[in-house]
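Take a look at this single chain in structure tokens; it is the form predicted alone.
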Amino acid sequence: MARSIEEIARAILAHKDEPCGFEPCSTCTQMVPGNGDPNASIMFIGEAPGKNEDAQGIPFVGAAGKLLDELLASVGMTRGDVFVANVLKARPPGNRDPLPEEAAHHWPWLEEQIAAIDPDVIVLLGRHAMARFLPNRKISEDHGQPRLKAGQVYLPVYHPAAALYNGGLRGTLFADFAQIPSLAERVRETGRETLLARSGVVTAPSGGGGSAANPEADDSAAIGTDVPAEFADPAEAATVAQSQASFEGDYSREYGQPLDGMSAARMITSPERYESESVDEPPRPAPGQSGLF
């Protein structure tokens, strides 16, 4: 019998006292299951808890979490309207990248959470989370573009922490968030069976390698590859694409000079101005990749 979100959370919290041999589980202050509306139509997924999340047991409560609250407010939502979780339910020591075996160890909990919530849209916060669901894609190229995989719609966006380090991404992040309400509505109007069919899935995925959340099961017919969400509104997509250019144009007209990275950075509150001491996902380029997130 499938477990409820509350039951899954209790199991995750209890795991702190269960020796498993994985470093994050044994070194963390506490496990961080995730929180929000168990019936949410929108689910947000990051990579792992940070220092503040480890202390409070709640995801995204650091500086990046405060920006996430602003982003939600910009589309008329609060934390109580959505569900927020991470791939890893425990903070890796020193905020290092999770090891593949650590992510695999925590993955069944996330699969259960996704199945229990059954969200219309899963928003992937940052390139690390995106890589777990939409491998071989780049956040710089695919952010703000809905993808369909095994009947589930994913929306990759920059991690809020990225905008704290690079103010030029702030407008992009708000523009990508702006499409979330209408995207969820189109998913509901289209229907899950139709989305499954568009994904090349004849019947809904069932356990044992048929989960839409498991990137290790890409050889399953129930998984397949991701494709563009066909119901995306072309007019809206054009609006999102033009948003950053419009923002920069308005700035140039107002101040008589082009917007550069330093000017953009001054428009946002620096991480040091927040009460929190750390952001959820500090900059950590992947091997062979430069830049943030």
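Computed from a predicted model, the values in this text were never measured in an experiment. Numbering starts at 1 and runs along the sequence shown.
Form predicted together with a small molecule: not shown, discussed below.
Chemist: Residue 48 near the small molecule in the model of the complex, any heavy atom under 4.5 Å?
Modeler: Judged by the heavy-atom cut-off of 4.5 Å, residue 48 is in contact with the small molecule in the model of the complex.
Chemist: Is residue 113 near the small molecule? Define near as a heavy atom within 4.5 Å, in the model of the complex.
Modeler: Answer no; every heavy atom of residue 113 is more than 4.5 Å from the small molecule in the model of the complex.
Chemist: Might residue 152 be said to contact the small molecule in the model of the complex, defining contact as any heavy atom within 4.5 Å?
Modeler: Close contact is absent here: in the model of the complex, residue 152 is far from the small molecule, nothing within 4.5 Å, heavy atoms only.
Chemist: Flag this candidate site as yes only if 53, 59 and 159 all have a heavy atom within 4.5 Å of the small molecule in the model of the complex; otherwise mark no.
Modeler: Every residue of the spot touches the small molecule in the model of the complex.
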